[in-house]
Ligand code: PHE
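Take a look at this one chain, the form predicted alone, written out in structure tokens.
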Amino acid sequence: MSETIDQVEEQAKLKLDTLRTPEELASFRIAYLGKKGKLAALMEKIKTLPIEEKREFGGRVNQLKNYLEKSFEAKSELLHRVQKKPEFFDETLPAIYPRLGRLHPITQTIREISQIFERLGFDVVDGPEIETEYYNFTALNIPLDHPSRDAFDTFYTEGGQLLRSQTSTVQIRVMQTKKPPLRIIAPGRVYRPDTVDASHSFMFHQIEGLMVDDKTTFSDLKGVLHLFLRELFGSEVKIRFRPHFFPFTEPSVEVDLRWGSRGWLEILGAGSVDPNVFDAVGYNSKQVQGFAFGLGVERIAMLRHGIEDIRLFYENDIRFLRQF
């Protein structure tokens, strides 16, 4: 009798592997689990067995019954899922992978610029975007009644604070807590009430740099900026320094790049730190000297990537951002 059970089980396993359609599944159910099926025939044989054999035989038939029922249900579910597949489903097609995120072009530019200055020995520092008039104006030699203050105007809060209009505020904070020598750059967002157009925004990004010790000269400033701009734009780039005015540096210059058919383009401002700034932070202006510079990150990114409208950086258009 045990051989009969084994034979039914082996036959059922082989049959289950070959089932491919609902019709074949129905035939299997009738043949093995139906009222006149092979499992029912085994159950009938229990009546003919001696008492001492019924218990063992019946237990084995029950095990086979459980196995067949579970296997039948699993096969039914599998065939049901297969039937739901599209008629022309090609299982060899590549899978659809999730799109990977990437850094915003402004962030990429800030990181690249920061890495260049880090190789030159500068530390990257950060500071608050909401500031006081002292850090944004007074300590930077921009008094309330000075005409230059209009160029650095910004947004004010109801509590009398303001959104910084340049990251030079970070330089003041660092000098108040650290003595020379120091080399720092301060990247971050700044705010000015400019009319928004293709080349202006009320919010943009700056990187301001500062170097202070007892022997830094204007020649050092030119050397650092030459190294930086050639690293960023290539060794063949042409650079020009023009006299200019900034309230926090003296003497001051604008730095231009020769840019193809467009001629000379202003790229950043720089100069030797004004002694009044040193006095405001507690440095002895007769014993220390240094230079400072500042550049707009968006301007750099627009030149390098041929972008004509600054507003594209802030619209979060995936079609634009995906190019970087």
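Don't overthink the numbering: it's just position in the shown sequence, from 1. In this text, all values refer to a predicted model and were calculated from it rather than measured experimentally.
Below, we refer to the form predicted together with this ligand, which is not included among the displayed structures.
Screening 229-237, 205-213, 96-104, 152-160 for residues having heavy atoms within 4.5 Å of this ligand in the predicted bound form returns a single hit, 205-213. Interface residue remark: residue 249 is counted as part of the site for this ligand in the predicted bound form, having a heavy atom within 4.5 Å. At a distance threshold of 4.5 angstroms between non-hydrogen atoms, residue 168 is in contact with this ligand in the predicted bound form.
Put simply, residue 192 is close to this ligand in the predicted bound form: some heavy atom of it is within 4.5 Å. At a distance threshold of 4.5 angstroms between non-hydrogen atoms, residue 269 is in contact with this ligand in the predicted bound form. Interface residue among 293, 57, 28, 283 relative to this ligand in the predicted bound form, by the heavy atom within 4.5 Å criterion: 293.
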